[in-house]
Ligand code: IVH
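The form predicted alone is given below as one chain in structure tokens.
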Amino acid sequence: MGSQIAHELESAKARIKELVSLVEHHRFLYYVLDRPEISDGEFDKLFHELEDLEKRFPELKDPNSPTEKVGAAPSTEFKEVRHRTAMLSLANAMDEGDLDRWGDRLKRSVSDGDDKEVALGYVCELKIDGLSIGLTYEEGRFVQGATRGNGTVGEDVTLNLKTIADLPAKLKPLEIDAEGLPTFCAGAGAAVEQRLPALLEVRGEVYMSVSSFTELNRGLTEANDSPFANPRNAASGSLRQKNPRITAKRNLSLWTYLAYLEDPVIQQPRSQFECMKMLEVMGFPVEPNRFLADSILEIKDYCRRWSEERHGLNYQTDGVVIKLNDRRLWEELGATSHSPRWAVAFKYPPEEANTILEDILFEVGRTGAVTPVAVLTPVLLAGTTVKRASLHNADQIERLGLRLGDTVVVRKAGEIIPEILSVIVEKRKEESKPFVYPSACPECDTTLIRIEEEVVLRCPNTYGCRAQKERRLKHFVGKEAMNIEGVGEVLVEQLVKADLVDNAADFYKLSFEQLVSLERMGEKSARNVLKEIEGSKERPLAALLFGLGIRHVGATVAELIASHFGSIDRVMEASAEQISEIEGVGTVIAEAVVDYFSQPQNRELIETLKELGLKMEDASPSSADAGEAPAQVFAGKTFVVTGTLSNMDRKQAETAIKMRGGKATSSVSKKTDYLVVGESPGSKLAKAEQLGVTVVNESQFLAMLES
């Protein structure tokens, strides 16, 4: 008997050691490097297994166990910030039974052993899958923002947070009664004064909307950079950029949910629901789908309803956060070293489905990367029909052991990107054969190569592969590049097939006769296309740099390089060291730019584009002087440009705003800070005046740019 106990103890000790190592490893990847290797569900299983073993064998528990920690150590790239109040994680409820047990524990804790039924209220909020942050306000002004870090110490990301349009720089005052209670609170009297809290610490979640995430990944893919796996990683990586200008372009959003108030007069609302109302009144964005529940049964109904409805939201939610509404009980209930007892997070299980792998197709990108794509029997998953899934590279196909006709398990990574999780080998047909990855380009039959340590295979036939050529040309005419309206993917394919366009310069040599000779191209359409092509010659330098399709150079990097050098000639002559000195541009990007301009075909293309009249210098106000980036004077400000400007076009004005840390949007709302008006501003001017938005004319705007 004794030997059996000793064996169990030794086995538990070994497993605890293994789990501690695994949990610490994945925690670091998730919180610090933003590169998780496993799903949240898989991590939760490891964490709960460790918790259970430590409860069964408390003598084996290390005081420094990850179950006693929150998050991970902050990166040394940012200044450390010590939180006034610890930012704890939440305990998870994995099913409705866990919710029942949590509710029972609460009632026992607040009943003092009394058998009487205790009625408790709860606040339900959708759990946003983003990055937790703490915001500090003094006398109503935003002074500091920090990540959660390890719960006690986080990272100072104040400048980056200021670029988020949703974050108020200055708060609206609270109306309070004679006792200092905000007037919207139950039992409050009439308002006697308006007052801002002396000190306010707010907790929230920075996230990236689904639409912004899709747009960001599209740009990264076009620049041949690795896309983010999910919006949470994208938000975290964007908020922790060294350059706030890059953060500003990532279009981050914010929800707030918790506040700690210190003031000699203002009373903290007694309920969490009223605290959220307080945040809303002061100007903070608060998740609109919050719900006040009277029972665990109502909480369950709320969780079930949003299990389906959440797929229609423009932000990602992986569960529901439930808090006791009576904040006076929070201190009484307290917290463990890991999580508060008065709150719990109900987690939705990851959605998976079984389907058939019908085929594997291969797409050739503009830089020659050959990407496999799985063709699936259509299956409904997380609210949408999934027909395809990216397979990334040959290594993933080999790791999964895929064969055509296999029954596969599909899920949405981050509930957005379809991916194949595994193969159900038991359902495999006997006659199936291992999949053989092609050794030649599916478009031009050139032998594929693998460059250095890259996992992707590439077609080296850069200028002879028709697929690469078409992709480059489609990229060149795109909206963020030369923005040639009327020249879409179909027309580009027609022009290439008819041997009318071989490189970007050929667009500017097209004649009316050549265009009308194409199928379904009328005379009016041909004239419009030629007009758009001619107009694109005035596009700013950043648009041209992006349009060239240089590897790793996305729209943001193109703007940074254009702003730094000011002309294509300076960019072409710059060394990798000079380019990598630009904040936000690393060595890999710099070397890619130098490599691009070292190739005779590309230098010849630039010279031809010059002769054809394209703009090669950026003399607009969006350019910086002699290599110095503009000051971030517009950080945290939202602009709308309307009407016709005489000194620049709208795109150049918006670029100037973005380069100075501001956000340029297309519609006027209460979040708009400035409306820049040219001639014939239209209805946007009336709406701005109605909402009290500051209106500036072109000369005032130019003065702001030069300030």
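Don't overthink the numbering: it's just position in the shown sequence, from 1. Not measured: the values here are computed from a predicted model.
FYI, the form predicted together with the named molecule isn't displayed, but the following is about it.
Handout entry: Contact at I128, L258 and K323 by the named molecule in the model of the complex, all three, heavy atom at most 4.5 Å
Key = The answer is yes; I128, L258 and K323 each reach the named molecule.
Exercise for the section: Report yes if any heavy atom of F78 sits within 4.5 Å of a heavy atom of the named molecule in the model of the complex; otherwise report no. Expected result: F78: no, not in contact with the named molecule in the model of the complex.
Exercise for the section: Report whether the minimum heavy atom distance between S132 and the named molecule in the model of the complex is within 4.5 Å. Expected result: Taking the distances in the model of the complex, the answer for S132 is yes, it comes within 4.5 Å of the named molecule.
Problem - Partner contact for E480 in the model of the complex: the named molecule, 4.5 angstroms, heavy atom - result: Looking in the model of the complex, residue contacts with the named molecule do not include E480, since no heavy atom lies within 4.5 Å.
Problem - Partner contact for S89 in the model of the complex: the named molecule, 4.5 angstroms, heavy atom - result: Yes, contact at 4.5 Å.
Handout entry: The single option of E205, E201, E470, D406 touching the named molecule in the model of the complex, heavy atom within 4.5 Å
Key = After the contact test, the surviving option is E205.
Practice task
Find the only residue in G535, P227, P442, P340 having a heavy atom within 4.5 Å of the named molecule in the model of the complex.
Solution key: Contact check passes for P340.
Problem - Contact stretch among 233-241, 212-220, 340-348, 174-182 - heavy atom within 4.5 Å of the named molecule in the model of the complex - result: It is the stretch 340-348.
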